[in-house]
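Listed next as structure tokens is one chain, alone, in the form predicted alone.
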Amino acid sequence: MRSITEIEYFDGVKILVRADFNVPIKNGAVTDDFRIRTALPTINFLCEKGAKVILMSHLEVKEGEKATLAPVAEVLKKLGREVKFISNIRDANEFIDHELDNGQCVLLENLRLNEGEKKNDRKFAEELASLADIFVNEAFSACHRKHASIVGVPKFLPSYAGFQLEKEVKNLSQAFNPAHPFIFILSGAKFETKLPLLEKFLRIADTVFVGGALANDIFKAKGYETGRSVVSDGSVDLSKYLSNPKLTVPVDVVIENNEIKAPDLLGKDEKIVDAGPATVESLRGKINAAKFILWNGPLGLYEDGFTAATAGVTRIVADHTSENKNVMSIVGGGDTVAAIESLGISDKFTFLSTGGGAMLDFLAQGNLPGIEALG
């Protein structure tokens, strides 16, 4: 894939940038601007070179919500990048051609409001491509989606990778040939989609710690009672992994009433909500011995306020990385990065990925549809 630094001419060139501004919005305000901030270096570079920049992104459409990107435009302005918000994509061509000056920027309305986006409709991709002369993908976290703005538009325009997309590929690729000892911390849910990843990294890593709801599946496979805890649908066979010495899981868990238990002592009406303090301490030694740390997903139900284990491991990884120049730490997943940002220690990690599902798919496959589409 070609970098935006390889674009030969910028002045007055219309450049369509696919960003990922699928950010949490509450009461009309963005509550986490991490993905917006990571896209700024590319946006500013293109504007400063004199290009006419057209930003586009999706935003998840949830029932009862307007799902507009207007609040993102306000955040961009607060971050120093003035942007004109265009609520109707069909009004964009005339404004871009006649009112947008070189070095200025517009933001299109939520792509998901057009059903052609998710369907990768050729006509919609052509409509988007007609707005510009060049396409730039700066949406790594959406590159696992075969949507019109990701894989359709590059068929019609010369295409390049933005700075963050380049960083994602470069840093995540380190996991395929890492320094050792290497610990992989994998949490979240839906083991049925993560088995290839588990199998791959049980071969590559020295330790694979599985937490979150994924650990509940392992507890269930071991014959433990899992009560009301989140588990996969039962079609996942984990039996062949249980005896692997590289695989580790929480040694204690927190249940809803904040009681700490051994994972094999759960009651039928109880629910695991977080990893316990002994688990965090057991990870400390493995993390502090590691030269390469890869982490995706919080250790508990972070969105429900069970953040203690995630915060504890966050501090351990941050301290170990900042104190040892030869240690690399790569972390991804929305809630995991949010935990790091909330503690104000993001600068202590080697790299924070914007991807959740995209990060996991890239690690499993070594490529993504959106990256392949760039050629």
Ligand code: 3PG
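Numbering starts at 1 and follows the sequence shown. For clarity, every value in this text was computed on a predicted model and none was experimentally measured.
Another form exists, predicted together with ligand 3PG; not displayed. Remarks below refer to it.
| Hey, of 270 to 278, 144 to 152, 199 to 207, 67 to 75, which bit sits against ligand 3PG in the predicted complex at 4.5 Å between non-hydrogen atoms? | Heavy-atom contact with the partner occurs in 144 to 152.
field: Contact test in the predicted complex: residue 119 vs ligand 3PG, heavy atoms, 4.5 Å
entry: Taking the distances in the predicted complex, the answer for residue 119 is no, it never comes within 4.5 Å of ligand 3PG.
Touches ligand 3PG in the predicted complex: residue 286 (any heavy atom, 4.5 Å)
Close contact is absent here: in the predicted complex, residue 286 is far from ligand 3PG, nothing within 4.5 Å, heavy atoms only.
Query - ligand 3PG contact in the predicted complex: residue 112, any heavy atom under 4.5 Å - result: Answer yes; at least one heavy atom of residue 112 falls within 4.5 Å of ligand 3PG in the predicted complex.
If we define contact as a non-hydrogen atom of the residue within 4.5 angstroms of the partner, is residue 60 a contact of ligand 3PG in the predicted complex?
Residue 60: contacts ligand 3PG in the predicted complex.
Original post:
Within 17 to 36, which residues come within 4.5 Å of ligand 3PG in the predicted complex, counting heavy atoms only?
Top reply: Sequence-ordered list: 20, 22, 35.
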